[in-house]
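Given as structure tokens, the chain that follows is alone and in the form predicted on its own.
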């Protein structure tokens, strides 16, 4: 089952439970209640609220873990032990990438920063699909770890509007097969 189907099923079940709750309130609204019944009703409502909070909290934690535990964010402090390191600096309105050629098959550490304003560093494969992205921020270096599996000309584009020259803020770099292949 795809994620959208699971989310849709959960949403429908939640809407159904809310509808049942409203129906229950509407049916109970016309009945007179004595003090013990009112106290029992308040206690039941508080118990249901507590359980609903616990269920939503557990669902949020489980959903967050299920969707983010494989999220590839490398540690930002210290070395990443990558065999290849690429320094990237975004400036109005260009990218400076050193070196401009990397090899397939081993991890590449991109050290991305900016010299002026925030830029969105986006890396596109030769077929036009986005491979990975991070923010380029002045005074901070974001580290991005990626292993290329196909050689070709990869494109870097800015994903965050940075001024009048934002649209043409692109460059390319080469990914080549290791020597001897």
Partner chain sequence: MASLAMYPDDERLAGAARAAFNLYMITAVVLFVLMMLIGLTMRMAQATWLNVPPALFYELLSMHGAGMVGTMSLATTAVMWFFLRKYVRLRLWAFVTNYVLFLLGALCVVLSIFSGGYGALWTFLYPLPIHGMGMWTPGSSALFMVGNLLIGVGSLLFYLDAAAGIIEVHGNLGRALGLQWLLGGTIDPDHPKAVVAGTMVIISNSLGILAGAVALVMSLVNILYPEVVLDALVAKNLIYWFGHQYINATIYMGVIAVYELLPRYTGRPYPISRPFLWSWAVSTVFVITVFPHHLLMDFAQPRWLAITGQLVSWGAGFPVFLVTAYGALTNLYRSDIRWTMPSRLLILSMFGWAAGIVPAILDGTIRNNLVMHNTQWVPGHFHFYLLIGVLSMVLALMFHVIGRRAHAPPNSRADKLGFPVYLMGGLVFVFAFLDAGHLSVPRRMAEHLPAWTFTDKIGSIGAMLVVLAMLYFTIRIMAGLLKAPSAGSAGVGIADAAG
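Residue numbers count along the first chain shown, from 1. Think of the rigid core as the biggest set of C-alphas that the two forms share within 1.5 Å after superposition. Note that this is a predicted model, so its numbers are computed, not measured.
Another form, the form predicted together with its partner chain, is not on view; read the next lines as being about it.
Undergrad: May I ask you to state whether residue 179 is within 4.5 Å of its partner chain in the model of the complex, using heavy atom distances?
TA: Close contact is absent here: in the model of the complex, residue 179 is far from its partner chain, nothing within 4.5 Å, heavy atoms only.
Undergrad: With heavy atoms only and a cut-off of 4.5 Å, decide whether residue 124 touches its partner chain in the model of the complex.
TA: Residue-level check for residue 124: yes, a contact with its partner chain.
Undergrad: Wondering, does residue 137 line up within 4.5 Å of its partner chain in the model of the complex on heavy atoms?
TA: Yes, contact at 4.5 Å.
Undergrad: Indicate whether residue 144 is a 4.5 Å heavy atom neighbour of its partner chain in the model of the complex.
TA: Yes.
Undergrad: Under the 4.5 Å heavy atom criterion, name the residues of 157-174 that approach its partner chain in the model of the complex, in sequence order.
TA: The stretch 157-174, when checked against its partner chain in the model of the complex, contributes 157, 158, 159, 160, 161, 162, 163, 164, 166, 167, 168 at the 4.5 Å heavy-atom cut-off.
Undergrad: Aligning on the rigid core, do we see the C-alpha of residue 163 shift 2 angstroms or more between this form and the one not shown?
TA: No; that C-alpha moves by less than 2 Å between this form and the one not shown.
Undergrad: With a threshold of 2 Å on the C-alpha, tell me if residue 9 counts as moved between this form and the one not shown once the core is superposed.
TA: Residue 9 C-alpha, core-superposed: shift of 2 Å or more.
Undergrad: Indicate whether residue 63 shows a C-alpha shift of 2 Å or more between this form and the one not shown, with the rigid core used for the fit.
TA: For residue 63, whose C-alpha is compared between this form and the one not shown after core superposition, the shift is 2 Å or more.
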